[in-house]
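Coming up, as structure tokens: structure 1 and structure 2, two forms of one and the same protein chain.
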Structure 1
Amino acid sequence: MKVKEKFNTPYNSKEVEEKIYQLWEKSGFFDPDKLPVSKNYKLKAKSYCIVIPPPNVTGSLHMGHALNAVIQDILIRQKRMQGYKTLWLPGTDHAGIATQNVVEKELKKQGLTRHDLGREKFIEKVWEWKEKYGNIILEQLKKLGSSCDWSRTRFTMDKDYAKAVETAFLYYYKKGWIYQGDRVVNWCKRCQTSLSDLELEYEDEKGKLWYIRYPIKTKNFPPKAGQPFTEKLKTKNYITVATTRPETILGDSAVAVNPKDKRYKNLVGKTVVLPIMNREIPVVSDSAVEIEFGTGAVKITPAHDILDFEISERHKLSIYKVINQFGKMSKEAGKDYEGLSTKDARVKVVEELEKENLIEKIEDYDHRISKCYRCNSIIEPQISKQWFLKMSELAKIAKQAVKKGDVKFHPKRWEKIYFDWLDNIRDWCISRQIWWGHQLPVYFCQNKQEAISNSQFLISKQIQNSKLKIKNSSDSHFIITTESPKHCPFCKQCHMKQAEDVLDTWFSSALWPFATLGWPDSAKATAGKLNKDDLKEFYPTQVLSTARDIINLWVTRMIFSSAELLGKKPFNDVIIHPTILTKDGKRMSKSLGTGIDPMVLIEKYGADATRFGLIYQMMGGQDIHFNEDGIMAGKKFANKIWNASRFVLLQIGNTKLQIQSPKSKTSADKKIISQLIKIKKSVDKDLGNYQFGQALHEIYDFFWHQFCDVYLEKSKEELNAEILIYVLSESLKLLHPFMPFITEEIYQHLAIKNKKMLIVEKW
């Protein structure tokens, strides 16, 4: 009768889940240092650790986060039950530009910009945001049932974490791999910062290709003032270039052709007169120029195109910065153009050229433009002074780690993405001109800083006019240190000023798996908790589970950072989980209204059902066309488990049974036991291969169709209480990693000798 009171039907997930989570937290079993040691549960000498991919504190969790959390929780719970000293370390990421942008959007609603507040006040606001949303995220992870050790929660801007970031920066600098340089970078004119190549998104654009004639300088050309170009052009004395951006003509400093291009052989070394600007610029030869494309001659705008910049370096060309950081034409573009948008400037330039009969033809041309991955503004390549991390050595190290098999991708095919990127890598631009992030540990002398006021947009006249670019700021006076300097070593009197730039958020994320475990001072207290030596105990970690879109942005960088800074791999296995799309295969997006909030599903169906639905659909494809029916099936399954358990308990009453080695009597007993053994093996194998969906399908079929439909029905005729409760309890164990709440709740009610909580029951 007691049983009946506690076991109402149908199953009520809401009540149970809240209660059970509290029970777990109270038990302390999420903390590897507090795991119980007993006869049945012996801790293995080996540890098992997953460090969570830290969600950005920009908002709340989406379906992808939910799926990933469940994947990790399944592994963690299985390993914990297997007796490993198991740690799942949680945390969040400050997510530089992304978070700064959402806070700026909030301010905009009040008609404010970050500049109205000033850096310090603005940062305060972002911290407020972080407190709010960081905590929401952690609460949502709990709702899903995540068995993280919350006492070890980390944030990428914790004090100790900052120490790790500075240490890494200093290390690379000492090695000569970090340098400052004036180079063309991807510039977002809305975010007002540089971006790395990986922080771009691309969009096809229907554009035009303008073929423009550049007159060649001769004895009689250019003509004296007042005489139009056209007179002389009849002699075919020009070279035609093709461009998609005529407005950048104003910043041209050369025309380049391929050295193998016979058509232009005689022109190399000659001088042409740049239309509109009337600037005399050279014709150079460079193998980067494609013979086949356009006319085979390309105009070179070093300040606003990455390839052009590289060519200009090889030929020591002048640099004219004609577009400013806001995407408007600069002073350098000339009086007629200064202040115009690039779009207006383009119209004007084309008009001018047409007037002079310098446009040969205009073709339709589809190409792709880059956009900021955070705000979707069009990228304006710009020359600017930035900090770079040299990649050649690090790329080699990263390739080694995967080639040797130290780190394995699942599925393996994603290794190709990894290698392809590393094979074509450029140096990493690690400085950002935003406010939210780790400021560079670079301190400048205040008295000798004219050349380095701050690292953005320092193109002095000196650079434009000279044929050399400044290398590595040899004229600036700064030091790099992990401690704030007390005295200036240069002038001995100033208070040194820290660089205003912050680091690319991925520079700090790259340190995540080891910085969270205490690196560089691993034995010291971290984040308010005194850990014995987590780095020694838990590093390298076992698994990293993440989405495919950040393989290079994040995974690769963790691998080389760890290899270089610690001489170890960060994890053994990388699980690239499927991307969750809508049922129709569309991207889930809040703004399109196609997103599904996992918290709503939990509210509606329960966390176990939500977990079930996600994993049940994870069958190895690279996408999941998410179908709510799967969650529905999960809810029904939970109810089935509930009722089957109710039945078992009604059959056997409250006598505590010993279930170590139950004796089979009938053939049905034998059959169910052998099926159970088979399923256990199979689930172990699947989970070992990270085949989560397959494992769940098998348990589902076993429990429902073999245990319930057949064995339970048989036991109505002939009861073997020991077998009955044995198979049930073993099933609950197998199910627990997938559906932890309901299994733990039922387990509480089982009359079994020497019973503990299911979370630490022997797998």
Structure 2
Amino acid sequence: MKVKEKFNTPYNSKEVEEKIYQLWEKSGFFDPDKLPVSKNYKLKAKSYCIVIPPPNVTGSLHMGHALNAVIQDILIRQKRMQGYKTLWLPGTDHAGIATQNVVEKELKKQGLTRHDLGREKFIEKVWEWKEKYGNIILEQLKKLGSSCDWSRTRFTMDKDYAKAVETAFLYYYKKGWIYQGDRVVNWCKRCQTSLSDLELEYEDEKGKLWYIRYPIKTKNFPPKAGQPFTEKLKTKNYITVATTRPETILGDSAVAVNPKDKRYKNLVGKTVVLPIMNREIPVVSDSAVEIEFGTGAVKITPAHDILDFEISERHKLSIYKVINQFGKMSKEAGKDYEGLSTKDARVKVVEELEKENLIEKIEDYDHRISKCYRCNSIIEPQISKQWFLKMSELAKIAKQAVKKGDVKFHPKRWEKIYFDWLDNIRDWCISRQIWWGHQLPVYFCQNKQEAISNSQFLISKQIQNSKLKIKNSSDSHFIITTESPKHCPFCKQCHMKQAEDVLDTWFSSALWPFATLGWPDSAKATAGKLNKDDLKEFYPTQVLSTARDIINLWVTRMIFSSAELLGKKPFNDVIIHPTILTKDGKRMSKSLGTGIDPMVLIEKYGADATRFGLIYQMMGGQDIHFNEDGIMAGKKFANKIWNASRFVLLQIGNTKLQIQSPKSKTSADKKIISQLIKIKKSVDKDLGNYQFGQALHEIYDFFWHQFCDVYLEKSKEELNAEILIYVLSESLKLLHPFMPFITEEIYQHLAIKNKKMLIVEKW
């Protein structure tokens, strides 16, 4: 097609983008192993790698994904043009709870539950769903222009990835950092699984604060059986506690006060009588109690509050589980309450307390309630037998990595969230009671016929070869192994049963930067295209770009996992990108209709315009109050680039020019070259500091105002074809990481000697 015909119409992104993306894929240049080595493009010895934060297989592209993908693509495209051996590694996360919920909803339409299918058939259904819908978001990333090496696409349930997860579990267990125990966890009664603190969402709720009198035990109190509870209650012969959940009074095992609270100094060590249950419980002193809350005295319900459980451990208190896994009152709550919902139990408890004159007062009280991040059900903390990873040593490792500067946050202020969590960390509950995910590599004896002595450890050569480890306990006959055991070392008869629980999704995603590159055994990797030298060549990676809300869910865990398992940092820099908000500064929400679909913007304005609009608004590290005007400005700029290129090409014709050292003829020539040199240095500096918005603003101003408005007008008076084509081609190179489609399309029509594709031209 002749230049005049090609550029005679306005720029049409729909005609260009799919064609150009196919051109890139056909070239193979997304694959670092296929990058060209020539006179004009010499690979540096140094590699450059970014692993994409794996989106959930249930997801579709939202504005946060789009912004983050563009940031990574800008860096990858620049480094590729600079001659680095670049790898942008894509993939998806199996998203245990989210994916299981989606498939369960599909089954519900058919009148079925997962239990009707059984575990094996249900997992088959999830895999079918994943194959059909799980890669939608990756295809959308292609529409955005993401230059990932799709031949290396990973999935957190790949066979090789599963091996990495099992290896990490075994490693931590051998160090004594993984243990099974009864501890209070965040329990979702709808999803029927435990959740970590980081998987909760919080809502403000207008509630009540009940002030309840707990009578102090004396010679004449409590009363004899059959007498009213308050008959012998003397004035002020009680301690008043404040609570937002009076129904949990049935599970109390103590009243606690702060040791610095002088009001209760004489009561510590005494006994009070628990209302309704008539159970005698102690008054204990613990520094975890907030003096300012309520009366300064709090009820301790160890089975249904994480902080209360920790206090109970320090004071060796009894534990009463009065709420079951379905959110109903249990047998331990008493026959009058068993089977009631917590809501109905609350009403009944309050009525009983009022009857006995044990409620001192009731106040309105605004507080926050925790909800499941997937189904929005209210969380019911309760004691449960779960698997935990000790965090004390791992937290130290993670803190050191950032304090020493091995890993740097950009902007630096996000380090505070990182350190605050690590300074107050609890052991990580890594088990989940769902079916979709990495099943724990734990195998139980089904007969439990033999007691295993504490001295018995690895009891046979077969076990040693399989790397099996026996739990030293007579009541827990299990082994940890990365291979399914052929024989039971306990009863010598049964076919050992694997643990039902799966690992927290974040346990597996914490291995993402290195498990995707072949750890622990890249030479034997089989999933996708995995070069056995990938881990050696591309690890540690250079940059991680992600959102603030998963700093501790994911970033922290990758840092300590890599440091502990590989002895290396997983990446040098962490970019925390802005959150994209609505125009009036609120969180975007699909359910509220305030979310914006990037695919709609791409369809309407084009991918380049969408990329431009996102980055152009990314200034100063502040959140983006999204305005579609930025995308419209991107479309106008694309037209400006198109029209300016048409003007240049019409001026110089089809003669191929050598533009490596263009000669200036006029003062205008010298000025534009000087401005170009200046803008190149400035953009390099900005991108090196991850100032993407600033870099784009500078390129925009240079191209529109200095090149188009001034120099192109001057060129009409005295044409210098070499300068024209040189400045245009260099401008296209600067713009390419930001607006790759239109720049590649135009570059294909430039009459330049020894020209390559723009994606691999020299930066």
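For numbering, take structure 1's sequence and count from 1. Since the structure is predicted, the reported quantities are computational estimates derived from the model, not experimental observations. For clarity, a rigid core is taken as the largest C-alpha set superposing within 1.5 Å between two forms.
Between structures 1 and 2, only structure 1 derives from the form predicted together with the RNA.
Comparing the forms between the two structures on their rigid core, the Cα displacement of residue 648 stays under 2 Å.
In the core-superposed comparison between the two structures, residue 275 has its Cα shifted by at least 2 Å.
Comparing the forms between the two structures on their rigid core, the Cα displacement of residue 111 reaches 2 Å or more.
On core superposition, residue 315 has its C-alpha offset by 2.7 angstrom between the two structures.
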